[in-house]
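Quick heads-up: it's one chain on its own, the form predicted on its own, in structure tokens.
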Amino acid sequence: MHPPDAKVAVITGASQGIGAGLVDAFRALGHRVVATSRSIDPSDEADVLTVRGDIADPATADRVCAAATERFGRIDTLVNNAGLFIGKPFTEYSQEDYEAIVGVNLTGFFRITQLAVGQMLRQGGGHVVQITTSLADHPRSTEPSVLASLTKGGLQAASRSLAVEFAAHGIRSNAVALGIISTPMHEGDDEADLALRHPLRRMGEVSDVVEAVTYLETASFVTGVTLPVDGGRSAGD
């Protein structure tokens, strides 16, 4: 059990894959953790609080941040990990696709980040991390992804703005732009083909993402950056 003044990390999309890996990583760093997703199970650990809800609903953000401050008294880090990716030719996206992606990727970011940053201001510092995609800056003709670029690219721009706006208040903001990561989302896909889409000729692992986020968490002089964790995709084919 961590000491009562230990830092607190809030992680969205935390029930599996990258999010679950981040929960374990922040616990290993000594943080208490508030984990949220639509399907997350209750935790029997005193230092882990789970809150079930759809992050696209602003009421979920309200409940998560209220629970964090009520249970642990603070929010030191927010990792906006929840994300939705639908890869289609641009003209084939439906209105439902658009609303779903914007709901999770942008609306889900907006309210919880407002609340978390407000709490960080009261505490005198904190850190916000956005999980994005390298496709936002380096689109590929073989992977149509306009809505991912629209939303995750927006998060990268917002991340830089947050960094500059709140630097004087001790609040840092960074992003991690991913390649294709081996998670349950890709179960059943041709992993050999996905691996070959990276210059390093492998898919990323959850541990690769976790290492990047924990680096940013401990790098107190780093803010406003988007760190590619994409097997070289952003460098070129």
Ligand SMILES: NC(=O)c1ccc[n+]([C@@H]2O[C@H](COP(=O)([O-])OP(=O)(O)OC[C@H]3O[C@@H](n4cnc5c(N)ncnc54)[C@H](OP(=O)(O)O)[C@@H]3O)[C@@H](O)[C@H]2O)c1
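Everything numeric here is computed off the predicted structure, so don't read it as measured data. Numbering starts at 1 and runs along the sequence shown.
As for the form predicted together with the ligand, it is not shown, yet the points below apply to it.
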{"property": "Listed residue (Val33, Ile180, Val64, Ala175) with a non-hydrogen atom within 4.5 angstroms of the ligand in the predicted bound form", "result": "Ile180"}
{"property": "Heavy atom within 4.5 Å of the ligand in the predicted bound form - the one residue of Ala136, Leu147, Leu162, Val104 that qualifies", "result": "Val104"}
{"property": "4.5 angstroms heavy atom contact with the ligand in the predicted bound form for Pro228", "result": "no"}
{"property": "Close approach of Arg201 to the ligand in the predicted bound form, 4.5 Å, heavy atom", "result": "no"}
{"property": "Distance check, Arg38 to the ligand in the predicted bound form, heavy atom within 4.5 Å", "result": "yes"}
{"property": "Non-hydrogen atom contact His169 with the ligand in the predicted bound form at 4.5 angstroms", "result": "no"}
